[in-house]
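Okay, here we've got a single chain as structure tokens, the form predicted alone, with questions on binding and movement later.
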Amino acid sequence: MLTIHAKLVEAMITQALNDHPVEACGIIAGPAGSNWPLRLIPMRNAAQSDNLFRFDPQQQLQVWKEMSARCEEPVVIYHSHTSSQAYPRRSDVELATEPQAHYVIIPTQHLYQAEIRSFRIADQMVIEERVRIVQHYQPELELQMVA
């Protein structure tokens, strides 16, 4: 199950709607091994496509180095679907390289809006999981939004 702060969900949805019709993408980093999404990092979609996302390679390298230096990992990897439901496409499954991460999909087509879904993807297998949206984390956990 993915437990995620409402402010992070709101930020992902806002980015997805602002980037529409191009798929939005990004990560939410958290302390390594914690499963707590804390630091939202919007990423550039190098594909600039309405049905594919691909992190900008230079930005991804920089973000992953920064996470390593901060003892973080990608807890959530998210992107939007601009014309379909929130379910991983074949390309999403093929590009999923972080088996510990929650893969969140935000639909921006009005028919599917407000239906964010989360999946675990490992070894080409897709398993949907529950999403629990909370208003507060433990007091020692602090959210961060990266511009």
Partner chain sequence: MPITVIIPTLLGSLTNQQQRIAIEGVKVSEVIERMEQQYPGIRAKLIFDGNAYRFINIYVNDNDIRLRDGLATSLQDGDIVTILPAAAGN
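Numbering follows the first chain given and starts at 1. Being a predicted model, the structure only gives us computed values, none of them experimental.
If you look for the form predicted in complex with its partner chain, you will not find it shown, but the lines that follow are about it.
Its partner chain is not shown here, but in the predicted bound form it comes within 4.5 Å of a heavy atom of R89. Remark: G33 does not count among the residues lining its partner chain in the predicted bound form, judged by a heavy atom distance of 4.5 Å or less. The closest heavy atom approach of R54 to its partner chain in the predicted bound form falls within 4.5 Å. Using a 4.5 angstroms threshold between heavy atoms, A69 stays clear of its partner chain in the predicted bound form. In the predicted bound form, the residues of 59-93 lying within 4.5 Å of its partner chain by at least one heavy atom are, in order, Q60, L61, Q62, W64, K65, H79, H81, R89, R90, S91, D92.
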